[in-house]
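A single chain, nothing else alongside it, follows as C-alpha cells in the form predicted alone.
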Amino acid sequence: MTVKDYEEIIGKRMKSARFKHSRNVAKEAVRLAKKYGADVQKAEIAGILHDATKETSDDEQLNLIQRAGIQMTVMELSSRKLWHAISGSAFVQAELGIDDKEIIDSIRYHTTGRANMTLLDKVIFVADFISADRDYDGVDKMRKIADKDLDDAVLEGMAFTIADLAQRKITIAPDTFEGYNYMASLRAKK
C-alpha cells in the first residue's frame, strides 16, 4: 500500500481535525527523518497512521488489543489516553497487514516513549509533539530543540509529559519514566 492508500483508509476513521493532525505529523516525520537519517518512507507511514484508532470506541480498541494478544498492565487499562497507541499498533498489523516492527513500535510508543527508542520511535514521538497544528505553551521551544538535537527533543518531550501529568495528578506510564531516565543518562555521558 502507498501512503495515499493509508490516508484514504484512516481519513474515513477520523474527523477532519484529527486527519489534518495525522497529515501534519507525517509531514514533520518526513522532515525529521531526512534531517536525522531515519527511513523517510517508514516515517511517513508511521506518521500518518500514529492516531489511526484515536477516535475508535473503547470496546473496539480493547477488542483489537485482545485479538492481538497484547496484555495491558493495570496502569494501561486505567489510562484510556494510552489505548489508541496500543490499539493502533494492533490495528496496523491486523487491518492493514503492516508487519514492519519499526513502524508498529513507533506507533505503539508515540505517546509514552520508552527506553532505548529506535530512531524511528524518536522521529514519530517528536513529530507528534511539534507538528504544525500544535500550539501548546512550550511548542516553540520544542521545535527549536528538535532542530538542534533529536535526543534532546525526546528528553524534553518526556520531561514535559511527566511534569504535565504529575501536576494534573494523572498516572504516568512506566515506559515514560524508563525512557526519560535512559535519555537523561545518555545526555549525562555527552
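Remember, predicted model here, so these are calculated numbers, not experimental data. A residue's number is simply how far along the shown sequence it sits, counting from 1.
There is also a form predicted together with ligand DGI; it is not shown, and the following applies to it.
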Looking at the partner-bound form in the predicted bound form, is residue 173 within 4.5 Å of ligand DGI by any heavy atom? yes
Can any non-hydrogen atom of residue 122 be found within 4.5 angstroms of ligand DGI in the predicted bound form? no
Report whether the minimum heavy atom distance between residue 134 and ligand DGI in the predicted bound form is within 4.5 Å. yes
Ligand DGI contact at residue 51 in the predicted bound form, heavy atom, 4.5 Å: yes
So if I measure heavy atom distances to ligand DGI in the predicted bound form, which of the stretches 61 to 69, 126 to 134, 142 to 150, 38 to 46 falls within 4.5 Å? 126 to 134
Three residues, 112, 161 and 165; all within 4.5 Å of ligand DGI in the predicted bound form via heavy atoms? yes
Which residue, 117, 90, 103, 82, has a heavy atom that falls within 4.5 Å of ligand DGI in the predicted bound form? 82
At a 4.5 angstroms cut-off on non-hydrogen atoms, which residues of 17 to 41 are near ligand DGI in the predicted bound form? List them in order. 18, 21
